[in-house]
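Just the one chain here, laid out as structure tokens, in the form predicted alone.
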Amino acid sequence: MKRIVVKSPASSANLGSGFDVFAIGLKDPKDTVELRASKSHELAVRVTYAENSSVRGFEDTAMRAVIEAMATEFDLAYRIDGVIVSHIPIGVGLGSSAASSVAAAVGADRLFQLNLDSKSILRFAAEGELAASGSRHYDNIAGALQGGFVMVHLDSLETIKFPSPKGMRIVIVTPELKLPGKKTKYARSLLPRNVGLKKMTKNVSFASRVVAGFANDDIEMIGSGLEDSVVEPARKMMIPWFDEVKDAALKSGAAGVCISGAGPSMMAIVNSYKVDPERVRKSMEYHFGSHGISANSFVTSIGEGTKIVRKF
């Protein structure tokens, strides 16, 4: 029997102005995936959750779709068992299905010695996103796979990666809200069908500041680029008191604030050399609470992406 253990992190996509193109891989939380494969006369795939998983959702569906796609393309006659230890909150804009999809693709690639490049890994991992959310998203899986700040070209799947500036911390605050079914699909339905030239120009300017900030290790510049004239105005109605919570984070010293992925999680970037990120976190959580909305929150940083932690 072949066995491999892979860890893949949560991710935050869009980063305000970089809709469907920008993403970061977070240091924490992570999902752990173990794949076991034994020779068989025909393909058989089973995916289960480990008992110590703190959350359960569509990760098993995503993993199964990835493994079946790879096994079919490369004619792998194996019985493949996948076990997930899931700790990434589901359906809140932190790329839970992306993490399990990437872990499955990276694990299967190494387990069966396929020697795939990163574009192929993204292509297969996107099958998991399709199974879990109904459409292929490459931003979260690029962030989870590579870590750092990643830009993905949607046609070629070429990626460009920048490391994180030292001292940059990420505050994630997730209000406890009743969300619509198929939340990602609903969030996309809110987007405007047409965008005016002025708004498009502003977003190009904001997105350029994000890239320049990562290129120059400038946390404040990154933060200023998180402004968004197109997607955020359409989606913030999903998050009660969004503007007040965002304003509170900025007044507490955050360099910038945006919706994480399709929400409802909010992300704040903090220069920890100048501001205690705990101050920002507590301020955001307090302002949700002052309106009767409980919120979960944590402080993390940008991580290194998906890693193989053990191979048998």
Ligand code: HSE
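Every value quoted in this text rests on a predicted model; they were computed, and no experiment measured them. Residues carry their position along the shown sequence, with the first being 1.
Below, we refer to the form predicted in complex with this ligand, which is not included among the displayed structures.
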Quiz prompt | Output flag, 19, 140 and 235 jointly within 4.5 Å of this ligand in the predicted bound form, heavy atom basis | solution = yes
Quiz item: Just one stretch in 216 to 224, 148 to 156, 181 to 189, 202 to 210 has heavy atoms within 4.5 Å of this ligand in the predicted bound form, so which one is it?
Solution: 181 to 189
Quiz item: Given that the partner is absent here, does residue 10 sit within 4.5 Å of this ligand in the predicted bound form, heavy atoms only?
Solution: no
Quiz prompt | 4.5 Å heavy atom contact, residue 262 and this ligand in the predicted bound form | solution = yes
